[in-house]
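Below you'll find only one chain, the form predicted on its own, shown as structure tokens.
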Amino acid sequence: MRWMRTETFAAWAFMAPGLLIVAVFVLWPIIYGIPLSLTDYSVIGETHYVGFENYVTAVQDKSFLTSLWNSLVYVLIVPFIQIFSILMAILVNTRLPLIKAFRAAYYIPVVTSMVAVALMWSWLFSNNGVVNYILLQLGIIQEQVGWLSSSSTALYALMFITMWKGLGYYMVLYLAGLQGIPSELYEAAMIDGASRWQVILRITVPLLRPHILFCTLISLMGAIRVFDEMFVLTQGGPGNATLTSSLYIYQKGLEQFNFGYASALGLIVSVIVGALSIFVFRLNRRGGVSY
């Protein structure tokens, strides 16, 4: 029993720094935000208790409802990111020449700063940019499109940028999962005459369920909390077409110093994220690996 206590202590010692960071920067702000959301705290001036007034204002705030809707629309990229990441992981898990170089190339967008990515895509999506040039040459569009300046395309253009930047991150996680699957399973399936797609659907995907659940959850939370792309490229415009809940909370809190109202908005978004996370968990209750 003594060696078990030693291993348990070592495990907690390794987790302690991470748990401390989560407690200070995640749990404490959430707890502190609850009483703050019931006030009109604004740094300057006296603070008054306003009860649930901030929450009543929130459900009547058209800009907040629009930002919430845009954040929920953003969640549509989650399944696409997971599907493409799994396919890319399967591709780079093969033994081909220069495969390590391909893995590094796919991961470069992940480690590239959002400012650099934004500058690159603002040029690519400009009226005279590469995207319009290629689509015009292929005959897909008949005239130049203002991808980031049109209210009908700006949000989807930002979703594409988010997906492009995040693919490499999830690909690495799925690649780690793929390399944990015994090769004997694939060899037995091939001997039985299974096709490539049957192997993927009957062996690879089921054994990746824990990884799919984890990646889906963090991708879901990332999609609802998306901020950098809008902040750097569009500032929520044109109009409120790309205004997301995180950007709106930032504007209310750090630009207008209405911290009480911003706290209430943050708690509403947190509850929605928690509800969606529970929904995803319930869909994947049978997760686990057995072979």
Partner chain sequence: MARRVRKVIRYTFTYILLLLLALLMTGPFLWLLSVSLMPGRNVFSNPPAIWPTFIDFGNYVQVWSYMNFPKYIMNTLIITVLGVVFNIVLSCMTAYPLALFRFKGRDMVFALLITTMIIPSSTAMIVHYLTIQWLNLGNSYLGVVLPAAVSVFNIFLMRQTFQGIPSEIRDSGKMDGASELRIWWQLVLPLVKPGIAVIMLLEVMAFWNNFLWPIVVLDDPEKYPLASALTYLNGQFSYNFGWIAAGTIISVIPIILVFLFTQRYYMEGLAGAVKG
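The structure displayed is predicted, hence computed values, not measured ones. So that the term is clear: the rigid core is the largest set of C-alpha atoms that superpose within 1.5 Å between two forms. Positions refer to the first chain, counted from 1.
Another form exists, predicted together with the partner chain; not displayed. Remarks below refer to it.
- Contact annotation for the candidate site: Ile44, Ser149 and Val280 all lie away from the partner chain in the predicted complex (no heavy atom within 4.5 Å).
- The listed set Ser126, Gln82, Thr204, Thr153 contains one residue whose heavy atoms approach the partner chain in the predicted complex to within 4.5 Å, identified as Ser126.
- A single residue from the set Ala157, Val92, Val78, Ile86 has any heavy atom within 4.5 angstroms of the partner chain in the predicted complex; that residue is Val92.
- Although the partner is absent here, Val56 lies well away from the partner chain in the predicted complex, with no heavy atom inside 4.5 Å.
- The partner chain in the predicted complex is not approached by Gly236, whose heavy atoms all lie more than 4.5 angstroms from it.
- In the predicted complex, Val172 approaches the partner chain with a heavy atom inside 4.5 Å.
- Contact check for Trp164: a non-hydrogen atom falls within 4.5 Å of the partner chain in the predicted complex.
- Partner proximity in the predicted complex, defined as non-hydrogen atoms within 4.5 angstroms of the partner chain, places exactly one of 46-54, 32-40, 62-70, 236-244 at the interface: 32-40.
- Although the partner chain is not shown here, in the predicted complex the stretch 88-114 places heavy atoms of Met88, Leu91, Val92, Leu96, Pro97, Ile99, Lys100, Phe102, Arg103, Ala104, Ala105, Tyr106, Tyr107, Ile108, Pro109, Val111, Thr112, Ser113 within 4.5 Å of it, in sequence order.
- Positional change of Trp28 between this form and the one not shown reaches 2 Å or more at the C-alpha, relative to the superposed core.
- Ala275 shows a C-alpha shift below 2 Å between this form and the one not shown [criterion: core-superposed Cα displacement of 2 Å].
- Taking 2 Å as the criterion, Val59 does not count as shifted between this form and the one not shown: its C-alpha moves by less than this amount when the rigid core is aligned.
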